[in-house]
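Below, in structure tokens: the form predicted on its own, a single chain.
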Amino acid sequence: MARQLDIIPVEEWGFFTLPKPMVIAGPCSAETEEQVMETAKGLRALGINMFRAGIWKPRTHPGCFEGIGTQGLRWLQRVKQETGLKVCTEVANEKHVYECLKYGIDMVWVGARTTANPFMVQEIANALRDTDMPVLVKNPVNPDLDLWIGALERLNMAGIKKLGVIHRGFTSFRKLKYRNDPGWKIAVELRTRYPELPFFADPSHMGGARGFILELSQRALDLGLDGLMIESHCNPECALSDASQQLTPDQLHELLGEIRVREKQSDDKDFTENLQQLRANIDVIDEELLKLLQSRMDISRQIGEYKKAHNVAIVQAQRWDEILDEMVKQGAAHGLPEEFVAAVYNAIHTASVQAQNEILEKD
């Protein structure tokens, strides 16, 4: 069972310019001292005050550029000294943590591959114990909400209270428009469970191409996420990693100017009254839905008793396929997306099968 998190509000970290959105930007990888400094100065001119750069890069295949290593931390030190920017990088083990602490890195994040490994997360948590360093945790590569929450719990139990998350989408074998499946519903569920948790989106890794960053950034902010981590490089075409998804500082400035930030609340009296009325209508409909679902489950149980009496198997695959096809067609006639209708009816069917199973297992 998930435990409550003890979180220090992001406003008390002293890192980000408010009002939101908070923005973390910088190159995918620190490649040269000149590249790091030129990019940092360009971002500082935009008013961004948190600079990111990968020092150790987890690559799938050996022989790829795997980061410049510890010497890149000296370049981040210089960024702090000459621009006043705060700096952050990814850590994947305790050695990385100790190096970051030694060089005065302001914040670290745990990458998607590492989040999926509880042993490594615990190692990082132990190394950060009794420090005040903020930590952001990217979602695991697979859409496993409990695994994501478990990583947060391990860090929090080690005393890390300046804690937040980064949503970068999920690996998928399906051919998608984006590099990673956005899986927004999982992000929304995590946001609902822990509304106090600082929540960033990483549209660069989610989209995999600079042409998708604006639409994904806007979607993240429309869903109420707090900020963005966007990769920015002074010369993206020459980048040693993820060249296609990085923006120049000027391009990032243009993108941020196009994003529309929506308020979470409004002081307009008419808006509030109308919203309350609409929500009251939804409450009534939800009550009716529950009553209808109860009636449907009652009938499913009667069917279960009837099947038991006549020694008939519970699942009738052909019958269910026909029902689902028909509901999808009717849903389309009412303007409901196929995926939504299928998800609802599959959930209902699963519950009905479980109820009938319980009947057959009696006696």
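Predicted model only: the values in this text are computed from it and were never measured. Residue numbers here begin at 1 and follow the sequence given.
Just so you know, the form predicted in complex with phosphoenolpyruvate exists too; it's not on screen, but the next bit is about it.
Colleague: Tell me which of 281-289, 67-75, 197-205, 211-219 has residues with heavy atoms within 4.5 angstroms of phosphoenolpyruvate in the predicted complex?
Modeller: Within 4.5 Å of the partner lies stretch 197-205.
Colleague: Only one of 183, 111, 236, 134 comes within 4.5 Å of phosphoenolpyruvate in the predicted complex by heavy atoms, so just point that one out.
Modeller: Here the answer is residue option 111.
Colleague: In the predicted complex, which of the listed residues (96, 162, 168, 154) lies with a heavy atom within 4.5 Å of phosphoenolpyruvate?
Modeller: The option sitting close enough to the partner is 168.
Colleague: With heavy atoms only and a cut-off of 4.5 Å, decide whether residue 28 touches phosphoenolpyruvate in the predicted complex.
Modeller: Although phosphoenolpyruvate is absent here, residue 28 would touch it in the predicted complex, with heavy atoms inside 4.5 Å.
Colleague: So, in the predicted complex, is residue 58 in contact with phosphoenolpyruvate at a 4.5 angstroms heavy atom limit?
Modeller: Result yes; residue 58 sits at the interface with phosphoenolpyruvate in the predicted complex.
Colleague: Do residue 90 and phosphoenolpyruvate come within 4.5 Å of each other in the predicted complex, heavy atoms counted?
Modeller: Yes.
Colleague: Going through 131-145, which residues have a heavy atom within 4.5 Å of phosphoenolpyruvate in the predicted complex? Please give them in sequence order.
Modeller: If the 4.5 Å heavy-atom criterion is applied to phosphoenolpyruvate in the predicted complex, 131-145 yields only 138.
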